[in-house]
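Provided below as structure tokens are two forms of one protein chain, presented individually as structure 1 and structure 2.
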Structure 1
Amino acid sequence: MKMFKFWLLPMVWIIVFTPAILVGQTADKNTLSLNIKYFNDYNITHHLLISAKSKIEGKFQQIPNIPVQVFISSDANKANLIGKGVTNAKGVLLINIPAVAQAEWLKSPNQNFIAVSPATQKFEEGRGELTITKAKIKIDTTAGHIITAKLVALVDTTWTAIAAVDMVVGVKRLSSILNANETASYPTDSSGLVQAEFKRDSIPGDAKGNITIVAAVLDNDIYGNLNAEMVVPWGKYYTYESNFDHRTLFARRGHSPIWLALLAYTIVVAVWSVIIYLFFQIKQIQKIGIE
């Protein structure tokens, strides 16, 4: 009877304490949040940006190296998979919507996207969803350097003008948009239109004076991020002149300004003159001492 109890005790310990250990391990995992942003790239291509975040030590942080699968439609099954990857050092993953998703894309004027991340050693399973209404921007110009842009969305099977949506209008500069004038954004009117006067007359263009004007809807809850652009000859043409062989303050060696070279040489001569004078004075003192 005593031997039986001796072998029974480890089994009792495993049954009682193992669930508590597992619960503790699960509790140590952080909750993972996946956020999806949709981008219509100039009515040509489309892509998604998925960012992974988690609340660590009381504040949200971007989480790198998180595997993510992205699905189109409301079902996260293998047939609707449009891309997968791992978040970069900034916790962001870019997924281009492929051409194979066209059949699913054309089914409805609204589209749903799902991002799923499996549970890892540090994080619980993450999931994010985004529903957008298909929309696009048409951009044009009129006399007097006026930029016009129209926002339309797909309602049933008809492209319909959309009012009361803020739009940014300006000039494409690197990865940002320089506003066309002092106004930061414009709400679309009942016809889906905005008009912005271009006042950046002195902005430099390319070799022909061309610049790229842009109209964009940014981070809209219904339509996502939309862009449209157009090339116009409204910039200033500047002829680049190289100063490589000219005497300038920041020129290559041997081409510094004459006044700067004279100043430097004068300082060198003055310093060495003092040193040589002191040397002869020391020699004279030595001769006097010998005599």
Structure 2
Amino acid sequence: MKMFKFWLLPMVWIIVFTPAILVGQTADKNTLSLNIKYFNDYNITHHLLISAKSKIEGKFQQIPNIPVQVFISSDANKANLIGKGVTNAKGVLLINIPAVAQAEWLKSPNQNFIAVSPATQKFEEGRGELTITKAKIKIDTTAGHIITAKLVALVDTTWTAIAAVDMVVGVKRLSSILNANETASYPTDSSGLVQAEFKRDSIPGDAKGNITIVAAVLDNDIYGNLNAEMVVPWGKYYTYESNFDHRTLFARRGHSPIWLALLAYTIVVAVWSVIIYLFFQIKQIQKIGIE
């Protein structure tokens, strides 16, 4: 009976609490969603941005440190793996579409991408899919500082003009596009064209006055993010004039403004002349005392 009592209590503890602990562990895990964005970088390279999100305490939050594998095509097998990595502090992972994926890329006018994240201690398995239609922008200029951009998409094997897609036309700045004029975006016409008059006449360019004009489709559900750019000599010449050796209050030693130097040295000379004069007066007193 004593032995039975000895075993009974631990057994009850295990029976009661083990399922609760297991349920508790399962309940702690959050669902994870992976969102994929496609970018055509100036018709040269392509990349994907994968962001990991989860609803925590009623709010969607970007999740850092999530391991993600990205596949080209709808089949997530090892042969289609184009990249893997871990989401950064902002919960985002950038994957460049490598040249080795060219064979798969050329198979169809539409392209599927899959992002997969294995289950972790805190999150369930995550998965995201994206299908895009391959498209590109052609940019050109015409007389009178007119920017012309054309959107074409691959239909079967032919690049076909696409109408009614919003396009941004402007000047490339550090991390954004400055509109070419007061219009923020233009819908493409039946020829897939937009035209924007360039009105930023005073915008500074490089040492030759060159600026980069850009046409872009942003966050389109079918085509993703597309960009095209062109260098044109429409900017103002900008030459840097160093004032390093000028006489300023913030200049280096020996380059103080003349007025400051005059003022300071006059005061110093005046006061120290008095001090030196007084030292001579002490000598004079000595002389009188010796006489």
Partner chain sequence: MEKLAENKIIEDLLPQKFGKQGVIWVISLMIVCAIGAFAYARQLYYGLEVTALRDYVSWGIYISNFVFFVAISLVGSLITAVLRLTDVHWSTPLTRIAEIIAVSAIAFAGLIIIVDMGRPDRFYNLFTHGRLQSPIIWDVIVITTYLFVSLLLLYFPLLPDLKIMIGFKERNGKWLQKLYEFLGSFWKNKPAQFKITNRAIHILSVTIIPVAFAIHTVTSWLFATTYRPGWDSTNFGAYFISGAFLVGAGGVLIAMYVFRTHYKLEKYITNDHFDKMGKVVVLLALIYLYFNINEFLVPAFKMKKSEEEHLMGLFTGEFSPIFWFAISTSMLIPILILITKTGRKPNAAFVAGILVVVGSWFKRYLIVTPTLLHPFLPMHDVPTTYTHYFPTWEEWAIAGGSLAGALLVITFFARIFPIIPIHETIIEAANENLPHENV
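Rigid core (definition): largest C-alpha set, two forms, superposition within 1.5 Å. Counting starts at 1 and follows the sequence of structure 1. These numbers were taken from a predicted model, which means no experiment stands behind them.
Participant: Which depiction, structure 1 or structure 2, is to be taken as the form predicted alone?
Facilitator: Note: form predicted alone is structure 1; the other is not.
Participant: So, does residue 59 move by 2 Å or more at the CA between the two structures, with the core held fixed?
Facilitator: The answer is no; the displacement is under 2 Å.
Participant: Can you give the C-alpha shift of residue 253 between the two structures in Å, rounded to one decimal, after superposing the rigid core?
Facilitator: That residue's C-alpha sits 6.3 Å away in the other form.
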